[in-house]
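Single chain ahead, written as structure tokens, the form predicted alone.
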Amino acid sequence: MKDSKQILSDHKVSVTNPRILVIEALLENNNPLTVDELQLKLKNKVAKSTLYRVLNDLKKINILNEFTNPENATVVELLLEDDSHHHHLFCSDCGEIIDIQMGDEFERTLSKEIKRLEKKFNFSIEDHRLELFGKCTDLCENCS
């Protein structure tokens, strides 16, 4: 796995301490984080205004995915070269977000449907998401 300095260098952006700290915190986590969770993980080493600026910088160089969870909180995750297209499971009890990959046949069918919709509505679809909502099993450590 690449380190934060290498990731920034590869994308030809300046290597700053806040960027390093944010990328390292995201690399340590296997699943997406809300901005508030990321701020807690950083233990106030990065001011909230700086955090938002860094997240915007990472979005501009296309290494950060940002979306909204069911509670309308902003969620972020790194998108690196070795990451493949994926979707998410949301637990309504503990708030956990789990990355999932759908089968190849499903993705092919979905791609065909997207192309059909583009043609039908004369619309250029740039991305798509599939988000599944539910509850973790009884084995979940975070659920009550």
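Numbers for residues come from their place in the sequence shown, where the first is 1. The structure displayed is predicted, hence computed values, not measured ones.
Missing here is the form predicted together with another copy of the chain; even so, the following discussion is about that form.
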(message) Quick check on this chain: which one of Leu51, Val76, Leu89, Leu42 has a heavy atom within 4.5 Å of another copy of the chain in the model of the complex?
(response) Leu89
(message) Considering non-hydrogen atoms and a 4.5 Å limit, which listed residue (Ile100, Leu80, Ile61, Val35) is close to another copy of the chain in the model of the complex?
(response) Ile100
(request) Please check if Lys12 has a heavy atom lying within 4.5 Å of any heavy atom of another copy of the chain in the model of the complex. (result) no
(request) Report yes if any heavy atom of Ala25 sits within 4.5 Å of a heavy atom of another copy of the chain in the model of the complex; otherwise report no. (result) no
(request) Tell me, yes or no, whether Leu21 is in contact with another copy of the chain in the model of the complex, where a contact means a heavy atom of each within 4.5 Å. (result) no
(message) Whether Leu110 contacts another copy of the chain in the model of the complex should be assessed with a 4.5 Å heavy atom distance threshold; does it?
(response) yes
(request) Determine the residues of 119-136 with a heavy atom within 4.5 Å of another copy of the chain in the model of the complex and present them in sequence order; the list may be empty. (result) Phe121, Asn122, Phe123, Ser124, Ile125, Glu126, Asp127, His128, Arg129, Leu130, Glu131, Leu132, Phe133, Gly134, Lys135, Cys136
